[in-house]
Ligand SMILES: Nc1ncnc2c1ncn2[C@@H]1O[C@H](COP(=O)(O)OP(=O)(O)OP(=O)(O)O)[C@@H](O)[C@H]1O
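One chain comes next, on its own, written as structure tokens: the form predicted on its own.
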């Protein structure tokens, strides 16, 4: 056999002038037409996709389009840099390449001078600081795509949740974290969530700093006492049963990383927006392997950081590039058991934060993990392969297909189950804000290491941020102020030691002596606090100018 058909030998003699062109068999004609049709189709595909994904400005290169199993060099798939604040979704089954896609986007953002924040749940994003292997799969993929590939590392800041595991400790005060996010971590129901909001309102009004969980415990205990119940008269009350549930929930949170995370010094959001001396954006990796078993805490902390960005950053409108792009890994955990108020706050944050120059990418397995109101705002979609082993899987697959635009080139239900590792169905918002056609994309490889870094702890301790955040602070807080009030309320026994100077100041801050804190709001200090302290989305503290 030679090629597609067997070699044919013509044994009949031909005389000069009498030779005639042999008639072609129908099979030959059909084959040639099929080849010509495929060639024309491939050309149409490359031209169509290339034009749809063309951009006049800087862009993030994702890969090349694939049509009928062949890579089309003209079908460059890219996201305009200025459209990354339209948010995105990176989805797919385990092992299909989501983390590598995150890495490819993060590397190019860094080169463009854009800061990046990534949750590193398994520890395999940390290698982005180091050059990739010159003889690994990345170089092979680059050859397949016909692109240049050079190993490279990128500027990285390693962070950790309260110092649990290697990385610069990230902390927040209870007051700044807010009642809505705290209720999510505690697994509170709607009644308990509302009760927490009342407690935070009281603490704000009385100038009681809730720095760590011991402050919240002390305040809950006080408000459940006879003196505390009087304080809440007129603004609502707390049922003893609710206080009991909250106090028990605090025990679990304290033992599950809460004592490490809550406290001071609190993370300064400006430290996430830095560039390296060479102009590349710093990639902040929150290292989470040590707290993988506490998903409710760390997933909510990620949303707190996004909300802090929203509350603190000024409006900048549409820019040529975002200030920071945030990757929320294992995003389904964020919405697991979430209250209606929580989901509404997430939706509002995602809707409004784009004007602050912030892009948010949710990373999860299927689009159905994301509430519809949030999903509808994710303009850039990278969907890796899905598996359909069970009836529930098949149902999820069909639901996923319905979230994509119609395709002239693919049967999407078939495509999503047949793509290989490192391939994805992509649709993004073009520069004009129009969704692009879905394209089967063979993704570009990362230039950095595709695996864990060697010495995360050493790199973190050599960072200037380690000096700023490593040592925990113990400032005056609600627990001491309440204790000082109670101590001054009761006459000391003869010979008892006098109140410390620090407790005297704490007592003065809350009214002192046996006087009730309830009149605090009527004082000049109380009125000043009311003017300055307000709470925004999720009940986070924000300053009002």
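Numbering follows the first chain given and starts at 1. As the structure is a computational prediction, the values presented were derived from the model and not from experiment.
The next section is about a form of this same protein that is not shown, the form predicted together with the named molecule.
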property: Output flag, 80, 380 and 437 jointly within 4.5 Å of the named molecule in the predicted complex, heavy atom basis; result: no
property: Listed residue that, although the named molecule is not shown, lies within 4.5 Å of it in the predicted complex (heavy atoms), from 88, 97, 209, 166; result: 97
property: Single option in 141, 332, 280, 201 placed near the named molecule in the predicted complex, where near means a heavy atom within 4.5 Å; result: 141
property: Region of this chain that lies against the named molecule in the predicted complex, out of 352-360, 442-450, 249-257, 465-473 [heavy atom, 4.5 Å]; result: 442-450
property: Interface membership of residue 137, the named molecule in the predicted complex, 4.5 Å heavy atom rule; result: yes
property: 4.5 Å heavy atom contact, residue 338 and the named molecule in the predicted complex; result: no
property: Exercise: residue 225 in contact with the named molecule in the predicted complex, heavy atom 4.5 Å; result: no
property: Residue contact check: residue 395 to the named molecule in the predicted complex, 4.5 Å heavy atom; result: no
property: Residues of 350-364 having any heavy atom within 4.5 Å of the named molecule in the predicted complex, listed in sequence order; result: none
